Structures are given as structure tokens and as C-alpha cells.
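In C-alpha cells, one chain follows: the form predicted on its own.
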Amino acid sequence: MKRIIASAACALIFAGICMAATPTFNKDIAPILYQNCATCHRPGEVAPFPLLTYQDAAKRAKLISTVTEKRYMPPWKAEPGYGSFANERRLTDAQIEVIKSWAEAGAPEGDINEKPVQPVFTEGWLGGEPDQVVKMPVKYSVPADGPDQFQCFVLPLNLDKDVYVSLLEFRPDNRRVVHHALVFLDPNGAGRKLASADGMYPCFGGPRIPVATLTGGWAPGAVPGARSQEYARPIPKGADLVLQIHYHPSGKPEEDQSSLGLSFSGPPSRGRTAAIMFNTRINIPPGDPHYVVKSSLVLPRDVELGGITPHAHYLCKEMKIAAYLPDGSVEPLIWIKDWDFNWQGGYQYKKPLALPKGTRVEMEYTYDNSENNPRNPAHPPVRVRWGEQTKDEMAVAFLAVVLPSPSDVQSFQQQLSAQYLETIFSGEVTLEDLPPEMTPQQRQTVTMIFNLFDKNKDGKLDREEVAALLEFVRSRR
């Protein structure tokens, strides 16, 4: 009898422990949703439904459990331990398990007194009132359904003098359809030549501007940094900004007229620029499930790396970029195991990475052009090459570089250009081998160099002619 009573007591105690351990919305789930999901899942934002109340979450408990367990939500593609980034939207294994247990238990609400206060979100300009606001020239109409759209808008600044921007903030007008945005500096009006009379043009993949510089961006949940003269961006007199927006249909016709806020300052004390890694020699056979594209560059001087923005299209499935330092150590920069074009964005490091001169940055992207790739836009698969259209592919990474002073930027870019020429003129080449993304001016310059070193005028550079050209390039660094 004593054993029966003891066993019953143990069972009651165990049941009590289990009951006490059952997660509730108010105590366990609300804090997770408020911290990681509510920035997008609230009225007026891009997410399709809010997750602020118990009623919001309870009726979607199984869905929330499924998408978090698969790590589809919250959207954060960078792998842990491969780069330490600011504002990570990543749930821990323990948080995912708590959500799963709550859903399996029937999504109990719990004690209302344990519920945290709902987050309060700042309305208007998050970085403070800007000095100049520029808006899309017209309202853009987004259809109720159909494929996602990528549209560029030319935003004239009408500057009568050079300025310095300490903060650039994108403010989405219609968060239900604005998926993400990128801002490019257009110094010579190239965007105006592409745009229609209403100041816009389609631009899947990129702004299609030869000398465009990535200047800023926005994705749901992004918060602008503090104003900083130290890293202020120079914008020359007469320059335009080109705003590329990715629109996602919401299920009903929508309109958007987003804007940019610019805060001005004095000249920066440090240099800020970008190193671009890419490989245009992409030729993916139909059916190939594992096509690898590589690229590398060597840093010509000591730099700090503030962030990284990888880019490809629909066939890419994995990205890995790492820095190999002269002392033999390796600094992982980013690893994305499940690239999704619909969730691309820039990644800022928690602390800038110091990379010494001679560091070799290596990029490796893997593509799946098989029928088994659910993101493949072609059925059956077709051969895919480099290009900016949906049917094409890219392999690009933008490295946000910080230099000791603004005067260092020009020489740094010249040194990178010399490396670029070395990449083009590696092995025996003809003018037909020139990368398709080169601007007419770049192509003219490279053609002139090509003809100068084509001593026998046979239309190609043999190894001896290439060696002479590369020696010339190195001497000009």
C-alpha cells in the first residue's frame, strides 16, 4: 500500500512539474514574438498578419511552430559562427522548442499578469528629422497577384554643391508590398537615360548603371544607425540617387510612394568605399545540381570590413565567403546554406573586422539548375549564363570597406582596378573574352590596352603578350 501511495504521489508531483513546465503565451511565447517577429508582424507592416495578441498567435500556433522549426522564420540566412552580425534575427534552439511545446499543448494563454507590455514602435523617421527628403516621382501600382517586381526610381537631389551624408534612411510608404530596397549613387545621370518619363524603369538584379555605388538599403525590421560624420558619404554636385525596390503582391491592388531622408554633416574623417567581388564566367548546364563559381581578391592595404552583401539570383543555393590572412589564420565572413533571392539583404558586423594588407578574400557560390530545385524558374531547366534578367544568374559580393582617411579611397580603388585587369587578362584571351558587364568606357580602355600589347596583331594575346601587359599593370599600381 505504501508503494502504491508513494507511486501515486510521485505521479502527481511529476504531473505538477509537467503542468508547471507547459509554456504559455503570456509567459513564454509573447516575449519571443515581441522581440523577434513584431517588427514585421504588426498592422501596416509587410507581414501578412499581426502577432501582437494571444488571439493573433493562438490560431496560428501550428504554423508558427512549423516555420520556426524549419528556420524559415524569422528570415535570417547567415549561419551562426560564420561572422558575428548586428541585429541578428535568429531564434535559439531552446526558443524553437518552447514554441513547439506550446503549440502541441494546445496553445494555452496563461496568466494575464505574466504577459509583457506590447512593444511600442517609433513612427516617422527613426533617425530623426532629415535635412532633405526625396520621394519617388509617382505612385507605383502593384497588382494584386503575380510575380514579384523589381523597379528602379530615379531620385534627383538637385544639389548645387558637393555634400556629405551622415545618415541615409529609407522610409517605406506601403509596408504591405515593399519587400526590401537598395539605394545607389548615380554620379552622372545614367539612370535618367534608362527611365521613362515618370522617372522609373524595371531593374531585376541591379540598377543597370555602370558606375553605381551601393549607398544604403532597407529590409523589414531594419533600424538605421546613428548619424556619424566620421563615416559620412560624399555625394557630388549634380548626382542622383537610384532607388531599387522589390515589391511583393499582397493579394489586392496596392500603391506605394516611398521616400528617402538625408542628414548632412561636414566631411568625414575616415574613408568609406566598397570592394566588389564577382565572376561573370557563369555557364550552368541544364540539370546540373552542383555548379560551383569562385572568385577572389587580395586586399592591397590594411582595411576594416564593416559589412557584406552577397547577391545572386534564383538558382544559387549556397554562399560562402572567407578571408585568409597573411599569418595563415582564417576569418569567416559569411555562410548562407540556403540562399533565397526573396530574403536577400546586407549584413553589418557587430564590430568592424580588421583585415591586413595581403589578405585574400575568397568567394564560393553553388548553384542548382536541376528539376529538383523548387526555385528554378525554368521547367524543364535550360542553360543559364551571367546576366541581370530573371532567367540569368549572378555571383557578386559587396564588401563595405573603411579606410583611415577619405584620401585613401581613390588609390584603393585604383589598386583593385589593377587586380581586375589582371583577372581579365589571365591566360590567352581575345576581345570576345571581355566580361559582358563592362561599361562602354571600360571596354574602350581595355580594348586600347589590348591593342597596345597585341604585338603581332593577330586579335589575341598569347602568354608572352599577357605577361608584358600584367607587368605594365603592376608597375602602374
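Being a predicted model, the structure only gives us computed values, none of them experimental. Note that residue numbering follows the sequence shown and begins at 1.
The same protein also exists as the form predicted together with a small molecule; that form is not shown, yet it is the one meant from here on.
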313 to 321, 183 to 191, 87 to 95, 363 to 371: which one contacts the small molecule in the predicted bound form at 4.5 Å, heavy atom to heavy atom?
87 to 95
With the partner left out here, check for me: in the predicted bound form, does some heavy atom of residue 413 sit within 4.5 Å of the small molecule?
no
According to a 4.5 angstroms non-hydrogen atom cut-off, is residue 108 in contact with the small molecule in the predicted bound form?
no
Taking heavy atoms and a 4.5 Å cut-off, does residue 39 contact the small molecule in the predicted bound form?
yes
Contact label in the predicted bound form: residue 179 to the small molecule, heavy atom within 4.5 Å
yes
Among the candidate residues 74, 268, 207, 381, which is the single one with a non-hydrogen atom no more than 4.5 Å from the small molecule in the predicted bound form?
74
Just give me the single entry in 47, 58, 52, 418 that has a non-hydrogen atom within 4.5 angstroms of the small molecule in the predicted bound form.
47
